[in-house]
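Presented below, as structure tokens, is a lone chain in the form predicted alone.
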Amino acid sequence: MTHKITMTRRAMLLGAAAAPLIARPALAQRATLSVSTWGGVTQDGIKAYVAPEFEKRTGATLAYDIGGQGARYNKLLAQRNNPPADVFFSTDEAVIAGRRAGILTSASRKNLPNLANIHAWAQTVTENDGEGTIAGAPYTLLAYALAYNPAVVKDKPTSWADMWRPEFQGKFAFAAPVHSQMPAFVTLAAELAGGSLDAGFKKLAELRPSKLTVFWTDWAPLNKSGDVTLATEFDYYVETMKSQGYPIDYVIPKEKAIGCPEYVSIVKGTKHQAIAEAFLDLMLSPQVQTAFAQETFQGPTNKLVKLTAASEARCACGARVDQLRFFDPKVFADNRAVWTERLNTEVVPHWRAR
């Protein structure tokens, strides 16, 4: 990913945040906290807006284990006896799955004071290890919506049903079966088809995507070449593309976009529980979330974040939250394996997508 963080902007934001942030006594000396996260925008944001204050507060440094969510999750499973990371960035569904698999653990609420200012709608994972704990920290909000090429598409989409419009068949980039948001599309297709799950899979099979994606760079070159005119994608990636000059825009469908709170949670077996909790609390702070919203277009979950109108228009926040639909991540965790198998056997063979 090529989206860059400007260091001048970083210095300004962190400098403004220095006064309200209360320094804690060092929790570790020369310790290293390993962060399992996505590369590009997210890693750049952590390095720019989190690492300096984290090191100041704890005396520890950060290291990174970078990759797609699925690959990083499987790595935790395979190395559970010697975890390769201390904290794990993921969607809410993966937090539940990880707890069930015994690779993620809870954090103490008393060590996350910023949790008191997190919106209730962001706290989609309710499982914990007791009243005084929390499964993970919902540090940002994304919207998964319909992206389109405004230079080519004159009748812009307004509904998820527009994915089946004839002019988009063969020019459509769609979430792959392993994508974090695919269970939501199984549900949406079932609703569009009348409510039956079987009818939903049949309707999905009628789509004709030309490209299956898990990341925006999978289809971005096809947007520039004109081979993709419609795509399902996260709002902050589309905003990144717009900043880089791609012919792209996006719409919130009339049925609402998919709301996706992103979490950071603690890996079970970490030797650095205390500094991991300090990291989670920092991700929930208004200062860090303001920087993420302004520079990486990720919506804040902290009620104290105040954005300019220009920044608010480019992320999932404010009035836009009411245009998002939040799915129960437990339902996705319960059904993902079966639904993925059905997609691969009943749906994907009809697509013939790359």
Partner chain sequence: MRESLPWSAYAPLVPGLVFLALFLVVPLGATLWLSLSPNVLVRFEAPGLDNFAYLLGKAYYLDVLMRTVRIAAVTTAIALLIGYPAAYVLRDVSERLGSTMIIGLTFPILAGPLVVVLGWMILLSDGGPLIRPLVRLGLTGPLRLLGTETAIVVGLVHFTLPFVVLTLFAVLKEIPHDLLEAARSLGAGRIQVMRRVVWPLSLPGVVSAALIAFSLAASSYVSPHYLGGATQLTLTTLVAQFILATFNSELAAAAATMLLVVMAVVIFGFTKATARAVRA
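Numbering follows the first chain given and starts at 1. The model shown is predicted, which means the values in this text are computed figures rather than measured ones.
The same protein also exists as the form predicted in complex with the partner chain; that form is not shown, yet it is the one meant from here on.
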- Message: Considering non-hydrogen atoms and a 4.5 Å limit, which listed residue (161, 222, 153, 207) is close to the partner chain in the model of the complex?
- Response: 222
- Close approach of residue 74 to the partner chain in the model of the complex, 4.5 Å, heavy atom: yes
- Message: Is it the case that residue 331, even though its partner is missing from this view, gets within 4.5 Å of the partner chain in the model of the complex, heavy atoms only?
- Response: no
- Message: Under a 4.5 Å heavy atom criterion, is residue 52 part of the interface with the partner chain in the model of the complex?
- Response: no
- Is there a heavy atom of residue 178 lying 4.5 Å or less from a heavy atom of the partner chain in the model of the complex? yes
- Among 318 to 326, 305 to 313, 292 to 300, 64 to 72, the stretch whose residues bring a heavy atom within 4.5 Å of the partner chain in the model of the complex is 64 to 72
